[in-house]
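Here's a solo chain for you in structure tokens, the form predicted on its own.
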């Protein structure tokens, strides 16, 4: 697979892990890195909460030397506050890139005039990106959703590049779509033709075939994998194998899920981010694609301890 360069950062391949709330903590990112994600993204971090010294918020940027390089994604709507937060995160965690969230469609975020809501204010987007680019040492990138109108989408992409961003990720759904319907590759293709900075395609990359098609159709520099990686970090090994060899990777799906979940537990303990609630949520995600997953999730709902969760997961491949 080809190397990819963003600013002065050279990456071993062009597969990225998307930032996802309540998913991409350090433990999960390390699993994805192990299987071939060249750049991992933190959960989105509130700039306001960082400035207000929120300890739980700051923990979302937790990293380790083995993860580097990694990216921290922030959200907010004030150029000054986002820059102040970025400077704090830069000093604390030394990320390779700081990414601006311009794509989150969650109503809670949109009501705060953050995430995808900012796309309707190109001048403010320019101010945020340019203020960051001018005042922090870390390269800045942005992740967007799209409009129904192609020209409006191209305008916001040009605005982001003109403001000093080093890369842009394009999720081919509108804010209104949330995660329904299909993600259009037309926007990433058009933006790649329009801009000179690296463009990363995101949305519905779920296996080797869809990854190959997205790269070839859009001409984009890289791919970002999101929901398909939830509970299945091994997807990065599958996709990279397909892109390199043109064939699907044969593996025991259920036993791979069990092995990865057990390693996830070890990692959250190692990094001091263990939470029973998180373990329970992640355990359900790791049943994805496993025969009898509905029954397994019912058993997980009844589990009250980490031991009982482990017992359910350990038995899921033999139906116990």
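Numbering follows the first chain given and starts at 1. It should be emphasised that the depicted structure is a prediction, and the values quoted were computed from it without experimental measurement.
Quick note: we don't show the form predicted together with a small molecule, though the next part is all about it.
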**Fill in**
Which of 6-14, 19-27, 308-316, 294-302 lies within 4.5 Å of the small molecule in the predicted complex, heavy atoms considered? The stretch 19-27
**Position in contact with the small molecule when the complex is considered in the predicted complex, options 161, 204, 221, 84, heavy atoms within 4.5 Å** = 204
**Item:** Contact residue in the predicted complex, chosen from 126, 189, 173, 241 - any heavy atom within 4.5 Å of the small molecule
**Value:** 173
**Message:** For the three residues 73, 143 and 226, which mark the spot I'm curious about, does each lie within 4.5 Å of the small molecule in the predicted complex through at least one heavy atom?
**Reply:** yes
**Request:** Examine residue 101 and determine whether its closest non-hydrogen atom to the small molecule in the predicted complex is within 4.5 angstroms.
**Result:** yes
**Asked** Though only this chain appears here, would residue 217 touch the small molecule in the predicted complex if you measure heavy atom gaps against 4.5 Å?
**Response** no
**Message:** Does any part of residue 44 reach within 4.5 Å of the small molecule in the predicted complex? Heavy atoms only, please.
**Reply:** yes
